[in-house]
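Just the one chain here, the form predicted on its own, laid out as structure tokens.
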């Protein structure tokens, strides 16, 4: 079957556009991103010892009461951050489970405060960063919750 002449040029243009925009451009941009931002391009992976334990960009599941938990009201369930008020509301339970004082846990939360707009906006903290800090700072309490 022969393609009519009037469809030949648009089909060639569609094919060239698909190769350029669908294959070549993404490969070039990904390559540049991996060279310019190697840490971010692989998802800002978090490590504990020599093991990758998650990503700072995606919520991690924490089941034990000794850890801070990501918010459960997030529409997508992948938000790695919680508001400071949500973090403070979890402190009594974590304090009871670990024996760490509420003051120590409040100071820990305060160390990890970030803002949505540099030093303005809503305060929040990354749950994985705080939990990894607690694991590293208080290994006697957290050692049996960490495998490996």
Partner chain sequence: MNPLYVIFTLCIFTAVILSAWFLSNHLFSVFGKRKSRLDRIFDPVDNLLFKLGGVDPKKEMTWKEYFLNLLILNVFQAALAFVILNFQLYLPLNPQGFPDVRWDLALNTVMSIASNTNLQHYAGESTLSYLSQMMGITFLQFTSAASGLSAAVAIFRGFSGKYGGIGNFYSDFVRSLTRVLIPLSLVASVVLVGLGVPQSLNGYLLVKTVEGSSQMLQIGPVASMTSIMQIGTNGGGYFGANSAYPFENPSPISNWFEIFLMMLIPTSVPFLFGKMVGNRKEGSTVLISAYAIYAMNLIAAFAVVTTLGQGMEVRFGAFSSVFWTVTTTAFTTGSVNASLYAFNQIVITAAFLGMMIQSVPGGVGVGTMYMIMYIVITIFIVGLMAGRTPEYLGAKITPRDVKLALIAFLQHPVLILIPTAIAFSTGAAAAAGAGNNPEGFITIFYEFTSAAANNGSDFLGTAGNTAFFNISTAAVMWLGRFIPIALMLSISGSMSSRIRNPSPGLHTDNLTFAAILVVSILLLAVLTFFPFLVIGPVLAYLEGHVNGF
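Residue numbers count along the first chain shown, from 1. Small disclaimer: the values here were computed from a predicted structure and weren't measured.
Only in words, not in the display: the form predicted together with its partner chain, which the text now covers.
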Should residue 146 be counted as a contact of its partner chain in the predicted bound form, where contact means heavy atoms within 4.5 Å? yes
Would residue 88 show up as a contact with its partner chain in the predicted bound form if we use heavy atoms at 4.5 Å? no
Quick check on residue 98: any heavy atom within 4.5 Å of its partner chain in the predicted bound form? no
is_contact(residue 106, its partner chain) in the predicted bound form, heavy atom dist at most 4.5 Å: no
Neighbours of its partner chain in the predicted bound form among 107-145 [non-hydrogen atom within 4.5 angstroms]: 115, 116, 117, 118, 120, 121, 122, 124, 128, 132, 135, 145
